[in-house]
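One chain comes next, on its own, written as structure tokens: the form predicted alone.
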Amino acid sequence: MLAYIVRRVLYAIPILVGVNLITFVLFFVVNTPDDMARMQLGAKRVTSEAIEKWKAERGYDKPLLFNAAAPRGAKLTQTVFYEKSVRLFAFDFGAAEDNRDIANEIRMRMWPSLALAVPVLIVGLAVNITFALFMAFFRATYLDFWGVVLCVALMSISALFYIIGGQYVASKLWHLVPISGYAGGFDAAKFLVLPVLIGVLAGIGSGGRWYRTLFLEEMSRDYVRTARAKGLAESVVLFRHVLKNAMIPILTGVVVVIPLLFMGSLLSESFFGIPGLGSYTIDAIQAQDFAVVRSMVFIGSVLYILGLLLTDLSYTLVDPRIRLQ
């Protein structure tokens, strides 16, 4: 087990290096340090001296990937990529282009993101599994048919429709909840009710259909036919046997997204004015703040790799026959 974990961690290093390099190249293909300087200085006519001063203060005056003028051993280290990206492996995120500490922003913004993402995950999981079990129980009937139709219809609707429609109906017409905003403590509940409901509703289509497929696949196996031959009720077979044996793929989908809950929801946080990591990332992209963008991409990569590792380890809890070598 320990050797497996160490091996997976070592495999993650080149992946993270590659992700950092790709993010760096993509960002600076679209934006140059001069463009970033003009954006941050916020003036229509910025002198070249002001641009060079801004770049020198923030370390963007060096070559991006290769410094031909540097000494032999420093051609790769005296570059923007090395100075800005390599220190991320020590979780040193530095400061944003507006001089605010990125690590402190992450610590403050992760809690609103979790307050939104955790209820969506838990409630959505319960709703999707219940709906899928309902369709599987009444398989090959009109209830199952119209359930699948509903899932396809929900999958075909954009998440923006749910957000804008929910804000219009629940907030503007009925005045049930605020249309946007956020507050700390228990006051956050009134701002999170609508985003959570929309998040759950938007996931019913894909989640319900996927879980239904899992349950129907399990119901076609030999152990299910044996249980029915013994005279067990269909509800007992479904809940005691099918649901239990379908937990491995269910667990895969759940565990892999748990670390990513910290990253927040880009659309929901932006439209509902929730100061989480999702809206933080969107604001950084709009402001061409490479320091924040690279930090959020790096954290997302680390959390995704951690989720895959936790998924593999959780298999041993669900199925004792699985042993990690």
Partner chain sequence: MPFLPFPLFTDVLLWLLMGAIALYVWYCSRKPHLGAPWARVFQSRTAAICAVVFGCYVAIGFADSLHFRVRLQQAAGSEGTPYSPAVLSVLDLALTHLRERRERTYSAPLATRLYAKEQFEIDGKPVRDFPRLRYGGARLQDEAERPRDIAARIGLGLFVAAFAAVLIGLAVKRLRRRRPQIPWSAGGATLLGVLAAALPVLFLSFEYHVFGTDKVGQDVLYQALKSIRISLIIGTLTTLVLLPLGMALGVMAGYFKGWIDDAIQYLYTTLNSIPGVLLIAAAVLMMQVVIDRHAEWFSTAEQRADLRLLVLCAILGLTSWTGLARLLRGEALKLSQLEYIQAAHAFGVADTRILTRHILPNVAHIVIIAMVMDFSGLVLAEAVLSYVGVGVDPATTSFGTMINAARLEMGREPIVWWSLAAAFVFMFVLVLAANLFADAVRDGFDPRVRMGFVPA
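Positions refer to the first chain, counted from 1. Note that the structure is a prediction, hence the values are computed from the model and not measured. Basically, rigid core = biggest C-alpha set you can superpose within 1.5 Å across the two forms.
In what follows, reference is made to the form predicted together with the partner chain, a form of this protein that is not presented.
>> At 4.5 Å between heavy atoms, is residue 27 in contact with the partner chain in the model of the complex?
In response: Yes, residue 27 is a contact residue.
>> I'd like to know if residue 217 sits close to the partner chain in the model of the complex, meaning any non-hydrogen atom pair within 4.5 angstroms.
In response: The answer is yes: residue 217 has a heavy atom within 4.5 Å of the partner chain.
> in the model of the complex, does residue 49 have a heavy atom within 4.5 Å of the partner chain?
Replying inline: No, residue 49 is distant from the partner.
>> Would you classify residue 206 as touching the partner chain in the model of the complex, given a 4.5 Å non-hydrogen atom cut-off?
In response: Yes.
> Taking the partner chain in the model of the complex as the reference, which of 106, 254, 127, 201 has a non-hydrogen atom within 4.5 Å?
Replying inline: None of the others qualify; the residue that does is 254.
> Any chance all of 155, 161 and 308 sit within 4.5 Å of the partner chain in the model of the complex, going by non-hydrogen atoms?
Replying inline: All of them do, each having a heavy atom within 4.5 Å of the partner.
> Across 242 to 275, which residues bring a heavy atom to within 4.5 Å of the partner chain in the model of the complex?
Replying inline: Result: 253, 254, 257, 263, 266, 267, 270, 271.
> C-alpha of residue 298: shift of 2 angstroms or more between this form and the one not shown, rigid core aligned?
Replying inline: No, shifts by less than 2 Å.
>> For residue 27, does the CA position differ by 2 Å or more between this form and the one not shown when the superposition is done on the rigid core?
In response: Passes the 2 Å threshold, so yes.
> Any chance the CA of residue 284 moves 2 angstroms or more between this form and the one not shown, core superposed?
Replying inline: Shift at residue 284: below 2 Å after core fit.
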